Structures are given as structure tokens and as C-alpha cells.
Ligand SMILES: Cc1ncc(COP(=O)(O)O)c(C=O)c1O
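Below you will find one chain, with nothing else, as C-alpha cells; this is the form predicted on its own, and questions on how it binds or moves follow later.
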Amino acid sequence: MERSAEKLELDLPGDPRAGLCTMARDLVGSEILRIGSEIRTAKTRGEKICDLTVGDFSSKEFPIPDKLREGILRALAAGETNYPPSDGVLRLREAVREFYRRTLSLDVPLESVLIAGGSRPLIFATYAALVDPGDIVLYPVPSWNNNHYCHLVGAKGIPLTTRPEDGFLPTAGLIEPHVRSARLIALNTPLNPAGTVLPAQALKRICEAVVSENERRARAREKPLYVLYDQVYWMLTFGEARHETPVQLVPRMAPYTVFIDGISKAFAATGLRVGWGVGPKAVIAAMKDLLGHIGAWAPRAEQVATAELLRDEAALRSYGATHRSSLQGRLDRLHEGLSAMAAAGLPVRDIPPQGAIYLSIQFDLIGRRGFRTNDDVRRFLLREAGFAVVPFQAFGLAGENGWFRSSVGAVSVRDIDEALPRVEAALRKALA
């Protein structure tokens, strides 16, 4: 006889969060994911929306490389379904090492390469391996998730407010006053959310300041200052923009740089969860042990297939050219349409695309006709134009300044073409 299921009361009486630790109780969820969920719900209701919110890809618009897909299927058929080594499948670690030597002129020891389930666990592991509670972390804003990682490890985050005139990128002048007290500097280029690329001269000056500070610390026998260098978008640059690395510009940065990278953006493979970190051996070893306890490994079959892809130069060139062209076409179309609106006197401007999958847009509506906050503007654009974007507050930038991130990975050129007239009509309505 089947027993009836008893309905369980799972929450504590009173405040259901009373049993949480302080870190969990004060943790703030992702505003980007919250807005993305809101947009998905609206689309299920049949609303026509140009969704520029989440930094992901539509598999219809941006399929993964054929070689990667076929390699995963072959690896699964060959029985590559068990636990991978905690530092990653050997052939992938070797392939990453060869890939960096070939493409970035970086020759790193095998022990300096760590594979994980995407770049996020590696960013967290860098924080956890280097930063004690109360240590100072410098990061520019807007930037992705550094404020939350600081919270997770109990760091004292110092957000450095950047300017649109600098492409929302950090300068040495912003960073230098704080290097004496910092433990970690978090940099990302091409930049999420702005879609801009850190110039070589700016990066070189930052690195020279780090090396100088570390020379002082070595004499004083103090812990070194590290740079977390998130370059997960480095293969996606456009026009005259060029990606540089700290070690290429200032070779003495090698002992102080942790690279974060992976297949998610360059190969539209966000759901396959293969990332890698490259850095000093002792740091990488600590990160490996940490991620081993968490079990944040990349799936074995995906690791095997990624190794095959990274070694196939022809496949990389072919896919990369098509992928970049498709992204740039969408970003350029969005930029051109917004620039035409600005030329017509409408309250909008943007920063021409340089890299990644993002375009920064400012809708200058704050203070007009009841628009008090960025969220007022966001909701207006969604309601009136079916145009979904994310305010820069979601990336730590304070102030109601009208700046938004737009991500083109999940839309077609047609989606953009259809949305632009709606945006123009909405802006004219806001000024009427």
C-alpha cells in the first residue's frame, strides 16, 4: 500500500533567514540574473523583446565550433565520463600551455595551468587563495562581480570609479594611490560591461606600479601584491583594439599575475563550463586544492574536446573569424542606429565597440518627465520599446547616470533592426 506523503514545514518559525551565517545573510544576489529572469518571464507571455541583458549566447545565432561539439560526442562515446584530475585533464593543460605559447608568446610551466568548471570558480579561487578577511582588493567600477567576491571572502573592497571618457577603464592614476595597502588588483579586459579594451600604455603603467610596490615589499618582507587578470574575452577584439597582457608588457609581472580564461565567450560555449587559470605555481596549487574540495571541475568529455580544439589552428582561425564578424556586425549595427539618434538630437550616446559582446549606452533621461533612476529608464525602455538592458549599478557603479550594458550574444541583426525604431519612438515620446 502506498503511503501518503507528509507535507513538511521546512522554514524556521519567525525569520526564515535566522539560521544563516552572517556572510550568507548579507549576500546580495545577481541583479543581472534577476533582470534576465524578468525578461524571460515577459517573453513567455508573448511580449516582443530585444533581449540585451545576459552575457550569454543564443545557440541558434552563435553555435559552438563543430570540432568542439563533435569532440565531446566522441569523448563521451569513448567513456570519458568519470572524475577528471583535480587540476584538469593532462592533455588539456598541455594544450592550454601550447596555445598560450603560440598565440600570446607566454611560455608557462605545466604546473602553472589549472582547469576548472568555467572562469567563475577560478576567480573565486584566486580571491580565496590570496585574500584574508580584511585585506584590501582594488577593482574598477563598473566591473563584473568583484564586489560580491570581496563579500564572499571578507575582503575590504575599494571600488575605483572610472569615467566614460576613459571607456570606463582604470588608469594608473586611479590605482597608484592605493597600491601600498592593497593585496589584490582585479582587472578585466576586454571589459564587461563596457565592451572596451585596456590600452597598452595604461596597462603598462599599472604593471610598473605593481612591480615597484612588490620590490618595496620584498625588502620589507611583506606579502606581495597580485593582479587578477580576467581576459576571458581576449579573442574578441574589433577594429584597432589590441589585447595585451601584463607579462608581455612588463615581464617582471610574471610572479604576480593570475590569468583567468576559458572557452565560454570566444567559442560561445558558456554552458560547457571549461575555464583555466594560469599563474604562479604556489598560487595555482592552492587554487587546485580549494577547487578540489568544492568539486568545481570541468566535465571530462568537454576537457578532452577542448584540448583537440585548441590544437587545431585551422579550426580556431575559421571559427574565430566568423564569430568575431557576427558579433561585430551586431555591435556596429546597434552603434550606428544609436549614433543616428544622437545626431538627430535625441538623448542617447554610446561608446563605439572595441571588444567582448557588449556596447555601453547612456540614455540621458534622468531628471526628465519623472525619470529619477536608471531603473525608471530601464523599465520605460522595456515597456515602450521592448528593449531590455542592464544598468551599470549591477556592475557596482554608483549614481543614477543613465549608463547601461547591452549584450548582443542572444539577438539577431533583425532583432536589432526591428528594435531601433521602437527605441527612437520611445525617446521622442519621453521628450514630448
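One rule holds for the numbers: they count along the sequence shown, beginning at 1. If you're wondering where the values come from, they're calculated on a predicted model, not measured in any experiment.
Unshown form predicted in complex with the named molecule; subsequent notes refer to it.
- Exactly one listed residue, out of 273, 93, 300, 323, brings a non-hydrogen atom to within 4.5 Å of the named molecule in the predicted bound form: 273.
- Note on contacts: among 232, 197, 207, 305, the single residue with a heavy atom within 4.5 Å of the named molecule in the predicted bound form is 232.
- Taking the partner from elsewhere, no residue among 112, 130 and 259 has a non-hydrogen atom within 4.5 angstroms of the named molecule in the predicted bound form.
- Note on the interface: of 281 to 289, 116 to 124, 74 to 82, 311 to 319, the segment with non-hydrogen atoms within 4.5 angstroms of the named molecule in the predicted bound form is 116 to 124.
- In the predicted bound form, residue 144 approaches the named molecule with a heavy atom inside 4.5 Å.
- Taking non-hydrogen atoms only, residue 245 never approaches the named molecule to within 4.5 angstroms in the predicted bound form.
- Contact check for residue 330: no non-hydrogen atom falls within 4.5 Å of the named molecule in the predicted bound form.
- With a 4.5 Å cutoff on heavy atoms, residue 354 does not count as touching the named molecule in the predicted bound form; it lies far away.
- If you take 186 to 205 and check each residue for a heavy atom within 4.5 Å of the named molecule in the predicted bound form, you get 188, 192, in sequence order.
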